[in-house]
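In the block that follows, a single chain appears as structure tokens, in the form predicted alone.
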């Protein structure tokens, strides 16, 4: 009787299968971020290739695990973002980009040593807002 109660108590404290898989899925996402950072920081082509391969294999594994979890209703996808929120984020990013560009031009002109003369003419963006 005592062992049965202990087993039930231990069973309630253990994580279920869905929780385990969510932990693994989160860990795979983290690993991809770290491999991506290692890839972008690698100066050696051989090391860069190794981290690129590790990133790709981890992405495949993460995708397969996600598919299994989604098919078994163990993963709830987030709800779609409202269009107004997306438009606001795009507008903020465009303003930040413009401010950074202006600041870099001002800094370059004032510092002299960092001033860079454009060697290509200005051009219009070939990327359009997909939500307009």
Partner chain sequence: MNNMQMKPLSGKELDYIADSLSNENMLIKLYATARSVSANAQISQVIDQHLQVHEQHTHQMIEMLKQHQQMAPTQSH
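What you see is a predicted model; the values in this text were computed from it and never measured. Numbering follows the first chain given and starts at 1.
Not pictured, yet referred to below: the form predicted in complex with its partner chain.
Against its partner chain in the predicted complex, would residue 46 count as a contact residue? Criterion: heavy atoms within 4.5 Å. Yes, residue 46 sits close enough to its partner chain in the predicted complex that at least one of its heavy atoms falls within 4.5 Å.
Give a yes/no on whether residue 41 approaches its partner chain to within 4.5 Å in the predicted complex, heavy atoms considered. Yes - in the predicted complex, heavy atoms of residue 41 and its partner chain come within 4.5 Å of each other.
Would residue 30 sit within 4.5 Å of its partner chain in the predicted complex, counting heavy atoms only? Residue 30: yes, in contact with its partner chain in the predicted complex.
4.5 Å heavy atom contact, residue 57 and its partner chain in the predicted complex: Although its partner chain is absent here, residue 57 would touch it in the predicted complex, with heavy atoms inside 4.5 Å.
Just give me the residues of 49 to 84, first to last, that have a heavy atom within 4.5 Å of its partner chain in the predicted complex. Sequence-ordered list: 49, 50, 51, 53, 54, 57, 58, 60, 61, 64, 65, 68, 71, 72, 74.
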